[in-house]
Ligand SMILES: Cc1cc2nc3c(=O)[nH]c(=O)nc-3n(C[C@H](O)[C@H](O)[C@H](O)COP(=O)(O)O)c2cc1C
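Presented below, as structure tokens, is a lone chain in the form predicted alone.
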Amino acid sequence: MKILLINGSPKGKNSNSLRLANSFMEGLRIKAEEQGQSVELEELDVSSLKIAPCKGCFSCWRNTPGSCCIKDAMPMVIEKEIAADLIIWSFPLYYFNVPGSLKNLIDRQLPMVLPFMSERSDGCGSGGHDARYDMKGKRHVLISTCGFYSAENNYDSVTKMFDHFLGRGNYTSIFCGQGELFRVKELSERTDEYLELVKKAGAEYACGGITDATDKELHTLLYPKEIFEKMADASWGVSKESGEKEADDLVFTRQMAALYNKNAYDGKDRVLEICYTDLGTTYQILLGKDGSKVITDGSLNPTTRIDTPFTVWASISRGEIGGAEALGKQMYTVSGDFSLMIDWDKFFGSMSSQTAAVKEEKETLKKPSMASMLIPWITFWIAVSINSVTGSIIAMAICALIPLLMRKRKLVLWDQLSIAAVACLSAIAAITGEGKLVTNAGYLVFGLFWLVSCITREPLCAAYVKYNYGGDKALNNPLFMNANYILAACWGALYICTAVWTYLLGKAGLGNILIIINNLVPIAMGLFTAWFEKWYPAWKARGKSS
């Protein structure tokens, strides 16, 4: 398959539209080669070609049929168009049509048609001209970006023009608004997601055509209208009020404020104060139900303050370093209400992050639950301590039922080990009749599970709660990991101690006191855990040494 990619952007290789076209080609090439087709791609950069405007002299019809009197690069372009099986037209929207250099190329295609009038059956215009060359079976794809929040209703003149010379319905188009965002590294999470979608479209095109589902996704806005227009206005770096140029860090802060998702507003106004320590500048962002506003005079009382070098914050926004990782390394500090940092993606994340968060909420049943691990143990400790045989049967039955009861949830290693350990201990208790001794051994085994997990990459509690902090990404967050290692060690020590005092108090005949202690202590530890997992990250974020 011969593919001709016509890059009609005056920016050449720096074209935003070309990024989409390259992603489309990548998907098409991979799928075509998987199907055993060879792909031969040639790219023409119109901005680097010498193509003069058409003179309208009709020499190519009258004097030298099929040959233009202008001697430049256009005959070569026509030759390649004729030879291609697929032509990809890549261009930005300039003043509601194609750039002038590409329009010159289109005008100079006149030698490709015959001068004789012909009827049209597709409803485009009142007549036409038949092709001079056999163009049947040739496919065309139009790929373009524009600077509006949406491509809708902005390509009317483009599609009218291509309808005329390609024929209505004889080409596929991918028109994407918000095109300038593809050059902004800070927004790469969202734009890369869209490029992957374009790549998927290319793969589908190689199989016959882009599916309706993918086409619908391609028409999804990168960001809502309000957010995009705020970012676009801020990107010019000029004050709306004075018309004067603004400092780069203020422009950056305005763009960050534009990303605020007001749908995340929870009834609480927040004032985020950012001090760029290397520049000596401080700005405030008011986050409310109606949106965000940047304050430059420091007149508000901050609820959360971030002290950071501008270079660090810019690197975080570009995805060069994770925000949580940088905080864990104390590359910046946070004081005040730390909940804003915990829910950062909800307030400032890309639309893909926000959509993923909603999707994740809807798919909660697929996450692992600590109940899968605890239910067998709790049943074992209660039932077996009451009656060795009957309790063991009940505990083993629960172990057998857990995979069924939790079938919609993922069972992690500690769930599986707990089921196996409880089943084995229950069997021992049933055979020996030593229910109290075996349940005491259960405390020891359970404590060892927690302690052993402290020497692994993922402490036991992290295996369950990481899904509330970005899944596996949380494993690269030093604050998250340190907090979970500490908690895992505390829980492990607690149950090792529980095994010791249960044995000693049991020997002393203080069974009633033992029941109270073994119920109250885990509750107290649970309350400590809930407090610690909020306090520790906030404490470390303030720059305190551990």
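All residue numbers refer to positions in the sequence shown, first residue = 1. Only a predicted model underlies this, so the values are computations on that prediction, with no experimental measurement involved.
Omitted here: the form predicted together with this ligand. The next part is about that form.
Using a 4.5 Å heavy atom cut-off, state whether residue 94 contacts this ligand in the model of the complex.
Yes, residue 94 sits close enough to this ligand in the model of the complex that at least one of its heavy atoms falls within 4.5 Å.
Might residue 534 be said to contact this ligand in the model of the complex, defining contact as any heavy atom within 4.5 Å?
No, no contact at 4.5 Å.
Does residue 392 reach this ligand in the model of the complex, with heavy atoms at most 4.5 Å apart?
Contact with this ligand, no.
Taking this ligand as it sits in the model of the complex, is residue 310 near enough to touch it, meaning that at least one heavy atom pair lies within 4.5 angstroms?
Contact with this ligand, no.
With this ligand left out of view, choose which of 246, 193, 107, 180 has a non-hydrogen atom within 4.5 angstroms of it in the model of the complex.
Contact residue from the list: 180.
In the model of the complex, which of the listed residues (265, 148, 467, 165) lies with a heavy atom within 4.5 Å of this ligand?
Answer to the contact question: 148.
At 4.5 Å between heavy atoms, only one of the stretches 402-410, 119-127, 238-246, 86-94 reaches this ligand in the model of the complex; which one is it?
Answer to the contact question: 86-94.
Between 44-71 and this ligand in the model of the complex, list the residues on our side with a heavy atom within 4.5 Å.
Sequence-ordered list is empty.
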